[in-house]
Ligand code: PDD
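Only one chain is given next, in structure tokens, and it is the form predicted on its own.
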Amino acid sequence: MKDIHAVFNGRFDSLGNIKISPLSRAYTFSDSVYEVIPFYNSNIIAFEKHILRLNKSCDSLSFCADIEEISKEITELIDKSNLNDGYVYYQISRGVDPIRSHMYEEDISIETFGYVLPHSFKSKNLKVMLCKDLRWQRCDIKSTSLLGNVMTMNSAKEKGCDEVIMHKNNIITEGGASNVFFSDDDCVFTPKLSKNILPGITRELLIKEITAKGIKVKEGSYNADDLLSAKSIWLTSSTKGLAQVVEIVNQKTNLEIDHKLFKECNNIFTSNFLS
């Protein structure tokens, strides 16, 4: 951790030297939000969209964060790292309580923390598990309250899976750390945004680019059985890009690996953002 560039409350240091109070509300209540900002060939991918989403998350929890200063810290982290490909994890907490209390003090100071890591954006094939969505009802906020995701992801890991596809009352929501897409031979489908789904940046970029190329995209309400007839399923995120699902361990599928529509979407995304 000594070689990992980080920043805490505006002070740059190595990650191993940063210490956070046990009374930080990020620790005691997950009273915090975060962003993962990718960069490729030293170019930050959709930086303004990530900052806008971070700001919206802060507004949802009534955080008074200096987004302009935070933006500078994120770019400086990338510059200091001397990495070509990687991502910044950046977290904003309400601050440190004088003593643990559900009702926070109005005058505590916002706490900020971030670090940068190298990352390979090579597309991966995933084995996934279909599971119930255990999470709270405001998944549209990019909060660090991820216990439901952690529980389902590690349950899937025990079965040899890389990810999950979650459903609430049999309606597909999203992956454990991703958005869900699937296709037949002619159309791409993805769950429409709601409070149960994080508005993914990669999701937004992909829909915009493939629609511009004439590929039909339908956003709607889809149940788990809709995956039975899918020719291709993939998950998207800032670090996954487009990751193809090759197997759902607890549901039969008839997937075609490297199906033509997935390959076309992946090529469009890669040529626009990873080249």
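Numbering starts at 1 and follows the sequence shown. Since we're looking at a predicted model, the values are computed, not measured.
Although it is not shown, the form predicted together with N-(5'-phosphopyridoxyl)-D-alanine (PDD) is what the next lines describe.
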* Could you tell me if all three of N149, S178 and L198 have a heavy atom no more than 4.5 Å from N-(5'-phosphopyridoxyl)-D-alanine (PDD) in the predicted complex? => yes
Original post:
Is N223 close enough to touch N-(5'-phosphopyridoxyl)-D-alanine (PDD) in the predicted complex, meaning at least one heavy atom pair within 4.5 Å?
Top reply: no
If you check in the predicted complex, is R135 within 4.5 Å of N-(5'-phosphopyridoxyl)-D-alanine (PDD), heavy atoms only? yes
inquiry  = Can you work out whether R53 and N-(5'-phosphopyridoxyl)-D-alanine (PDD) are in contact in the predicted complex, taking contact to mean some heavy atom pair no more than 4.5 Å apart?
reply    = yes
Within a 4.5 Å heavy atom cut-off, is T239 in contact with N-(5'-phosphopyridoxyl)-D-alanine (PDD) in the predicted complex?
yes
Only hit among Y34, F29, F63, F39 for heavy atom within 4.5 Å of N-(5'-phosphopyridoxyl)-D-alanine (PDD) in the predicted complex is Y34
Of 168-176, 67-75, 117-125, 99-107, the segment with heavy atoms within 4.5 Å of N-(5'-phosphopyridoxyl)-D-alanine (PDD) in the predicted complex is residues 168-176
